[in-house]
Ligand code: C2E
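Only one chain is given next, in structure tokens, and it is the form predicted alone.
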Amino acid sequence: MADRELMASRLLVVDDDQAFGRLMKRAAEPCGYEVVATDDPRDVRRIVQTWRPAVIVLDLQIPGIDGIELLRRLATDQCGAQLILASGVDGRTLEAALELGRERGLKMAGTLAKPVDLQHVRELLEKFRPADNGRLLHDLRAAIPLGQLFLEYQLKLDCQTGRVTGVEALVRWQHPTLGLVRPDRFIPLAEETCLIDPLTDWIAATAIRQAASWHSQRFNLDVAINISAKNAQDIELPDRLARHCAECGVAPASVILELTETSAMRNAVQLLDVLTRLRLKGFELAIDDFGTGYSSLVQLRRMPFSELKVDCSFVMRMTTDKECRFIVETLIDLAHKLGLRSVAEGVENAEALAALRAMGCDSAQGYYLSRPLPADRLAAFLKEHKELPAAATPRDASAAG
């Protein structure tokens, strides 16, 4: 089913618990959704094909059929709706089902662990309000020439020395009427259209220009830039990025291009072409959100990455969850044995940072060190804090400048 055929504000709830259906209605209708609920799995394909919902909330445990079978059927029908999985099963099973849906080509919007929190449901649905997407897409086309986009930068800390060695550039959109629009709302829109290339070019040019300014102030920071799966298939990308660096006098070795694990395993031949050319030009390459997909280690070995970023979902829980701690430690060890630098995302307390240091992790990012900061405030912060000791707090960083 083509995305353009989806009806803008329609939500289908598939669950045998009528109380859950009523709860979803209470959460969704204030967000502008029209809601239909069914407890009969035999009706799902018919409703999807005739009513064409934009979002589907699916319980994994329904009498007569399980949610995995429904996912398989929806994938066969090429369903273009955003899918949210809801269930009382354990978190690992829920995440496995989510990844299975992604692997089948479905748009998996997230999970809801039962019993659900009403506010969390609303926040999740707000992210995928198709009624707003047409307007957002129209406005996004004008956002760059109108100067509505800006960058913030999150610090990257050397775990062993406490020194700030780099930053990650994060795009923000100050919409004239909607206010600050979250990246998780407009980046997927850009990725689904031709807007992702000019958006990425703007981010890269702005971040590299800012890096040149920092270097002139004797802040020798690397700058990390996120690229999408579509960017990474563009054979002209290496040349464009090299031109940005040449124009600003920034060495490509100071620029780290981050590609998510899931994206990194698509169309491997074309990807290998682009990534290898980027490395030949001197750019560093990071595989981002590592541990959330099912990458082949053979593929990981083939791709010319220089950095592995451990996903924040493991790092944030590793001080309270032994399995997450083991995963983080294993991924750091894997990175080093493959000759890659290791970076941990989502560091939110001193205990996590101390554990990462003990594990030999190379670098860390997270709110404990600093929330993302505008360029001028980040420079002021760096002038005051040459190093970040274990006692640093987010308040220390946000108060600078």
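What you see is a predicted model; the values in this text were computed from it and never measured. All residue numbers refer to positions in the sequence shown, first residue = 1.
Only in words, not in the display: the form predicted together with the named molecule, which the text now covers.
Asker: Out of the stretches listed (46-54, 61-69, 363-371, 331-339), which one is close to the named molecule in the predicted complex, meaning heavy atoms within 4.5 Å?
Answerer: Flagged stretch: 363-371.
Asker: Would the named molecule in the predicted complex be within 4.5 angstroms of a non-hydrogen atom of every residue among D197, V255 and L278?
Answerer: Not a single residue of the candidate spot has a heavy atom within 4.5 Å of the named molecule in the predicted complex.
Asker: Residue-level question: is G346 within 4.5 Å of the named molecule in the predicted complex, judged on heavy atoms?
Answerer: Yes, G346 lies within 4.5 Å of the named molecule in the predicted complex.
Asker: Answer yes if any heavy atom of D139 is within 4.5 Å of a heavy atom of the named molecule in the predicted complex; otherwise answer no.
Answerer: Contact with the named molecule, no.
Asker: Flag G162 as yes or no: does it have a non-hydrogen atom within 4.5 angstroms of any non-hydrogen atom of the named molecule in the predicted complex?
Answerer: Answer no; every heavy atom of G162 is more than 4.5 Å from the named molecule in the predicted complex.
Asker: Closest heavy atom of I187 to the named molecule in the predicted complex, within 4.5 Å or not?
Answerer: The answer is yes: I187 has a heavy atom within 4.5 Å of the named molecule.
Asker: Of L285, I227, L98, L112, which one comes within 4.5 Å of the named molecule in the predicted complex, counting heavy atoms only?
Answerer: It is I227 that has a heavy atom within 4.5 Å of the partner.
Asker: Only one of R325, R104, R172, R302 comes within 4.5 Å of the named molecule in the predicted complex by heavy atoms, so just point that one out.
Answerer: It is R172.
Asker: So which bits of 308-339 sit within 4.5 Å of the named molecule in the predicted complex, heavy atoms only?
Answerer: Only a single residue, M316, comes within 4.5 Å of the partner.
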